[in-house]
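Next comes just one chain, in structure tokens: the form predicted on its own.
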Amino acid sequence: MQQNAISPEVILPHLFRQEYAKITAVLCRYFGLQHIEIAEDIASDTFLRASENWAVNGVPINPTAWLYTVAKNKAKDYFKHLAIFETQVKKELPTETIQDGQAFEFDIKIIADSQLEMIFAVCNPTNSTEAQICLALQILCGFSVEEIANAFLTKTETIKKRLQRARNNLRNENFQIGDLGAMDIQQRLDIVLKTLYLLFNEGYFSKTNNQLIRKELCSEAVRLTLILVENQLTNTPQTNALLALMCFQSSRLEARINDNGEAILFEQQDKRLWDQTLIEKGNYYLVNACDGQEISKYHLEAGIAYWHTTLTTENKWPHILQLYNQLILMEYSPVTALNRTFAFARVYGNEKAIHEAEQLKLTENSYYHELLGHLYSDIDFEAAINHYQKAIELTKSKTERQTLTKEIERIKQKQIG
């Protein structure tokens, strides 16, 4: 068999992230969600076999096809030989879900459909938002418990308990991994989009210093949303708006953090690091999102993100402020209110914005004090330092503390000067 020159150590982690969830989703069409662990065991065994085989024989020319072949054969063996299937599983499954091993296939359509259906299964409204995101990371994205804990800055035991409860709900609900109907789509699309939106935000506004996890959270959210856009039933204006937002935001990921892992404020970002290909994709999906009369929060946020990626400064901030005004009326949140205040400052000046910000009274919010520190930085040095110090006390992010400490040092230098 022909081999790739690339080493197993390099390609396997990438393939695991890309293909594990696909294999699991297809297997769940045959075993049913109530037996998702069987599907996951076969998927895991497939990758274990790959790590052992490729270490000796090298990586095959088409490693993805190799994985699917092994998974298919393992599934066939399970159907044929394991007594647990005959005694415990078969009688519980509807007859139509027990397919002959010979019919078991991994083809492009089955993989795409299975992933779409798994997304809708995982986004179970009976689970909390946090549990849905954890399930999405584990089942749809192949993240380990440790990686999920790192992403949430939470203990692994907490994540394990959260996942166990969520998985029980998933098994007990009897949601079928099969062809999704219009009613399934209509009932769950909003919660699916919200889960993917929050999944992306976990990466984009991550508090962890692990840049790999941070970027992969964003890329996985984009990948899953793209699956929705590519399916006729879920290719809605809202879905396109959400994907446009993700593309615009992702385009600036490389410019938001310096080599020391410290955040770079928007105005100080090197625009040469912005990914123009992602910006163009964002423009494409935003145009598609406007095919109709519907205006959602994703449309407004995508519009704000679009203006942030434009290089022109003429009327930029008034447009952004107008969109924030609409967004805050549609769905108020402290983050939206604070972001609106920043845009307000760019239009009307820092002094008026300070009054706007202080009216919010979000005194236990670190970003509130960070914003006030920024607004006071050229008006009242002591007030700026006090707010930055309060923000440092409130934030749990080491990266944010480093960034805020640098701002305090910068202001102190201005005082001396």
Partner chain sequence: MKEFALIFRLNDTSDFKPSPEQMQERMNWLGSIAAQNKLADKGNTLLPIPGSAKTVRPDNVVTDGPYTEIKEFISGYIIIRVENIEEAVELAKSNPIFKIGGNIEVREILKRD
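Keep in mind the model is a prediction, meaning the values are calculated, not measured. Positions refer to the first chain, counted from 1.
Omitted from view is the form predicted in complex with the partner chain, to which the following refers.
(request) Could you check which residue among Asn283, Thr129, Thr158, Gln322 gets a heavy atom within 4.5 Å of the partner chain in the model of the complex? (result) None of the others qualify; the residue that does is Gln322.
(request) Could you work out which of Arg340, Lys74, Lys297, Arg162 is the residue within 4.5 angstroms of the partner chain in the model of the complex, going by heavy atoms? (result) None of the other options qualify; the answer is Arg340.
(request) Would you mind picking out the stretch of 232-240, 191-199, 247-255, 326-334 that comes within 4.5 angstroms of the partner chain in the model of the complex, counting non-hydrogen atoms? (result) Contact-bearing stretch, as computed: 326-334.
(message) I'd like to know whether Asp380 contacts the partner chain in the model of the complex, with contact meaning heavy atoms within 4.5 angstroms.
(response) Outside the cut-off, so no.
(message) Considering non-hydrogen atoms and a 4.5 Å limit, does the partner chain approach Asp45 in the model of the complex?
(response) No, Asp45 sits far enough from the partner chain in the model of the complex that none of its heavy atoms falls within 4.5 Å.
(message) How about Pro125 - does it come within 4.5 Å of the partner chain in the model of the complex, if we only consider non-hydrogen atoms?
(response) Answer no; every heavy atom of Pro125 is more than 4.5 Å from the partner chain in the model of the complex.
(request) Indicate whether the partner chain has at least one heavy atom within 4.5 Å of a heavy atom of Asp41 in the model of the complex. (result) So Asp41 does not count as contacting the partner chain.
(request) Scan 350-385 and note down the residues that get a heavy atom within 4.5 Å of the partner chain in the model of the complex; none is a fine answer too. (result) Residues within 4.5 Å: Glu356, Gln359, Leu360.
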